[in-house]
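Take a look at this single chain, the form predicted alone, given in structure tokens.
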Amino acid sequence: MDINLAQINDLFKQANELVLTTHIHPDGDALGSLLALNGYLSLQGKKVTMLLDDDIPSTYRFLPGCDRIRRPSGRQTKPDLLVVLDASDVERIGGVYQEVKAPVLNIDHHVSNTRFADYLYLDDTAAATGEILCDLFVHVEAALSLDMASCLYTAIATDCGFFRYANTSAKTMRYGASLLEAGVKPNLISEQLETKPLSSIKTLTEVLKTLELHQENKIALITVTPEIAKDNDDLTEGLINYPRNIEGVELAIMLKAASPDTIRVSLRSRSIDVSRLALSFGGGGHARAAGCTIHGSLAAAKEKILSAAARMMVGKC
């Protein structure tokens, strides 16, 4: 059922106990949105639990409230509402869906959303789920704490490349300005996000050694091998941008071995709708940034994704 902002507010008013979650392999939008909504609902006197079926990347552990996010315990709970943020597919929330038995509200901005929820608010024109939450907070005339504003700014800024990507709109910029007026210090947030441990830089050098160019240098591919991924899984976010930034490259692909037979695929593009490519493998995302998981060996996954990408490049997919 598609709903509007007023109906979201009604659902929140009716619920006393809520569980909030977001997708595995969380990014800045996922975590920032999760924490901002938790702050708002907690101020309304609601009993709120944040669950995430994954680790929190060290890059985002500076966000206020991260220490209150829990992993699923395996014990079933029955709150009044399960709120799924920034996830287009129920599989993306992992074990939370099996643990929490409640009506599901999904707030999302991915064009590839599978409409799995009982209640859906989908705005695929929004730069981030954090931008949708700004719409909601304006609608209900909510006063933002500095912590909420910092989380919202991180959510929006990271998903639009700090206001550089094509999904940046005039409204996105206005919300960024309003969050600064609420006290957010963008320099402090960017410093937290850009500061990397030495091991991250070493990981980067190893991953760049795997760079391959295909289709007359229009496709660039990098690989995070099991040897690199071991003990470094938390340090690979953002590496996909390096092949994407190569002159002449239209499609960037990063393969990451999560296990010997599970390969995570990240896709970035300047002009190609990579959400279609990801969707063909059961994934999803945005036109310029998407991802999927391919089961099988690293070599098999590489062959499959390159073959599908080549077909897309010539307009056959």
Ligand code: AMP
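When you see a residue number, it is the position in the sequence shown, counting from 1. Model, not experiment: these values are computed from the prediction.
Another form, the form predicted in complex with the named molecule, is not on view; read the next lines as being about it.
> Would residue 286 count as a contact of the named molecule in the model of the complex, using a 4.5 angstroms cut-off between non-hydrogen atoms?
Output for residue 286 is yes: heavy atoms within 4.5 Å of the named molecule.
> Spell out, yes or no, whether the shortest heavy atom distance between residue 80 and the named molecule in the model of the complex is within 4.5 Å.
Although the named molecule is absent here, residue 80 would stay clear of it in the model of the complex, with no heavy atoms inside 4.5 Å.
> Test of understanding: in the model of the complex, would residue 266 fall inside 4.5 Å of the named molecule by heavy atoms?
Because a heavy atom of residue 266 falls inside 4.5 Å of the named molecule in the model of the complex, the answer is yes.
> Classify residue 244 as contacting or not contacting the named molecule in the model of the complex by the rule of any non-hydrogen atom within 4.5 angstroms, answering yes or no.
Output for residue 244 is no: heavy atoms all beyond 4.5 Å of the named molecule.
> Tell me, which of 89, 135, 124, 147 has a heavy atom within 4.5 angstroms of the named molecule in the model of the complex?
By the 4.5 Å criterion, the partner-contacting residue is 89.
> Just to be sure I understand the contacts: of 69, 290, 253, 63, which is the one whose heavy atoms reach within 4.5 angstroms of the named molecule in the model of the complex?
By the 4.5 Å heavy-atom cutoff, the listed residue in contact is 290.
> Going by heavy atoms within 4.5 Å, which of 194-202, 147-155, 211-219, 81-89 lines up against the named molecule in the model of the complex?
One stretch meets the cut-off, namely 81-89.
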